[in-house]
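Here you get one chain, nothing else, as structure tokens; it is the form predicted on its own.
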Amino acid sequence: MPQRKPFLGAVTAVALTAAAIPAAAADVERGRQAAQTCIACHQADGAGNAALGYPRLDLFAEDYIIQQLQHFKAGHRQNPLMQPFARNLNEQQMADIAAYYGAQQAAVPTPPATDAALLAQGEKLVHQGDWDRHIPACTSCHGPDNRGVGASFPALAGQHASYIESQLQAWRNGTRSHDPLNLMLAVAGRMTDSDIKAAAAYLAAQPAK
């Protein structure tokens, strides 16, 4: 009967919305249990693995971790390890894992010395951008100290250079998407390999949270 469709549609929308809300407050101990698979790559303290390009999770805001797990689950981010794992998580588990890694503070070795000219190039891109090529400064979105702003702009300072490079390349080649207003798709598309390497090296050398 046509007159019932709006009501049924509203009920469906409410049900879907309710299903996306964790049933209980996020819990660090539950998160530790749910994160046992994560530990193999990201370590128990969230230190990640610079050699393999696995990011530090202790630097990310909890909302950002949840959002990225949702993006892996939906296919907005493509990774053969993360996508199957994320697909098996519900919203409660995502929130708990985010709470667990949000409570960590990893001990990470200082990055090896990098060419001074490369660091200078990276510093300029990070703090000033290159407006002749329509590349804004990283700080304009990720905060003046590049320690992240909200769920959409992750912390970059102290993150592994290998991970930052891989993500900028992913934005550039289209294997990562769904960012606010397609900002990173546009920015990464204008960056050269040298730009990416320089910005990543500089950001990795900065103090973390």
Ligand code: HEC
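Quick note: we count residues from 1 along the sequence shown, nothing fancier. It should be emphasised that the depicted structure is a prediction, and the values quoted were computed from it without experimental measurement.
We do not show the form predicted in complex with this ligand, though everything after this point is about it.
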So in the predicted complex, does any heavy atom of Leu181 sit within 4.5 Å of this ligand? yes
In the predicted complex, Ala137 touching this ligand (heavy atom, 4.5 Å): yes
Examine Ala95 and determine whether its closest non-hydrogen atom to this ligand in the predicted complex is within 4.5 angstroms. no
Using a 4.5 angstroms cut-off on non-hydrogen atoms, would Gly46 count as touching this ligand in the predicted complex? no
With the partner absent here, would Thr37, Arg77 and Ile164 each sit within 4.5 Å of this ligand in the predicted complex, counting heavy atoms only? yes
Contacts from 77-114 to this ligand in the predicted complex (any heavy atom within 4.5 Å), listed N to C, are Arg77, Asn79, Leu81, Met82, Phe85, Leu89, Ile97
